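The data below hold one chain only, encoded as structure tokens and taken in the form predicted on its own.
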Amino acid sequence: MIPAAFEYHRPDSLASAIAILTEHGDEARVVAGGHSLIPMMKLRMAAISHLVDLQKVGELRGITVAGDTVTIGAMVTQAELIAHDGLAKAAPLLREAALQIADPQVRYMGTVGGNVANGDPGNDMPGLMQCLGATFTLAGPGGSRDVAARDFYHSAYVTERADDEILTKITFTAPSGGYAYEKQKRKIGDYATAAAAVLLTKAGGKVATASVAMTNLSDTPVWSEDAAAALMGSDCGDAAIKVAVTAMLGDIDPQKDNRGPIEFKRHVAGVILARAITRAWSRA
């Protein structure tokens, strides 16, 4: 189908983009890579009068690794994320996950900012950013503000970002220790049936720190504090992993859809998390 008529804007600065959003209010939407919004417009499920393309806004690009602080511009593509050697060393979890997103064509256009800002519970990056303890910077007519990734998502497609705000960058402390991103999906390009991100550090043969996040198993990404707590002080043996999986299952709320019934999704979630914990521990 063909989208309804709209006015196209291509600002070359963040200030100009915010000004357009402020002027047109609810009638305006920003577009980054376009993989979510454009199909909705073509299906007439979204009617946008003013489309604000962020491709020329240079302030939203670039990856910086300064000491143990990583900053990723919102318009960085998944392909750029994969190719950046400094980022691969500082946060290999992100590269491992990005390589599992769709296919190369999608990764060359899909942006990290669009992936996290859209609020789609099926996207990979939101859960990853929660696992990393990342911070999102939002800019609007009133200035900039920072929001923790773990506080950003309210429900499916509903986030902390106001309509006149633009997500500009993502910041986090480079993790240490072991990492893993495990994902089960029906086919290339599909959303995950279940995915798990795990970070672990080791001290004296025991888990010293842990972070666990799950994807596409609720109407928001799930950062499972209880699952991480279950691993603390353990040797990540079968018993500890079983307790962590049980804790995670208490935090998720999958719904039946074409990826399977609820019971199947819960089973897959448990298998995927166990695999992620085991692999992260082997790298710790």
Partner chain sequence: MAKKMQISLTVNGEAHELLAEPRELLIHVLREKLGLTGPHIGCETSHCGACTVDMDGKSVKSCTVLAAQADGATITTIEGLGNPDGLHVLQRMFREHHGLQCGYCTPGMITRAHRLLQENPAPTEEEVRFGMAGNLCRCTGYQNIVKAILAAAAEMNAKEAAE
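All figures in this text were calculated on a predicted structure; none of them were measured in a lab. Residue numbers count along the first chain shown, from 1.
Beyond what is shown, the protein has a form predicted together with the partner chain; the following relates to that form.
**Q** Where does the partner chain sit in the predicted bound form: which of 133 to 141, 155 to 163, 97 to 105, 199 to 207, heavy atoms within 4.5 Å?
**A** Careful reading of the contacts points to 97 to 105.
**Q** Name the single residue among I252, L51, I63, V243 that comes within 4.5 Å of the partner chain in the predicted bound form, judging by heavy atoms.
**A** Of the listed residues, the single hit is L51.
**Q** The partner chain isn't shown here, but in the predicted bound form which of G237, P39, G233, G58 has a heavy atom within 4.5 Å of it?
**A** Comparing distances to the partner chain in the predicted bound form, the residue within 4.5 Å is P39.
**Q** Is R10 close enough to the partner chain in the predicted bound form to count, meaning some heavy atom within 4.5 Å?
**A** R10: yes, in contact with the partner chain in the predicted bound form.
**Q** Applying a 4.5 Å heavy atom distance criterion, does V222 contact the partner chain in the predicted bound form?
**A** No - in the predicted bound form, heavy atoms of V222 and the partner chain never come within 4.5 Å of each other.
**Q** May I ask you to state whether M248 is within 4.5 Å of the partner chain in the predicted bound form, using heavy atom distances?
**A** Contact with the partner chain, no.
**Q** Give a yes or no for R44: in the predicted bound form, does one of its heavy atoms lie within 4.5 Å of a heavy atom belonging to the partner chain?
**A** R44: contacts the partner chain in the predicted bound form.
**Q** Scan 2 to 18 and note down the residues that get a heavy atom within 4.5 Å of the partner chain in the predicted bound form; none is a fine answer too.
**A** The stretch 2 to 18, when checked against the partner chain in the predicted bound form, contributes I2, P3, A4, A5, F6, Y8, R10 at the 4.5 Å heavy-atom cut-off.
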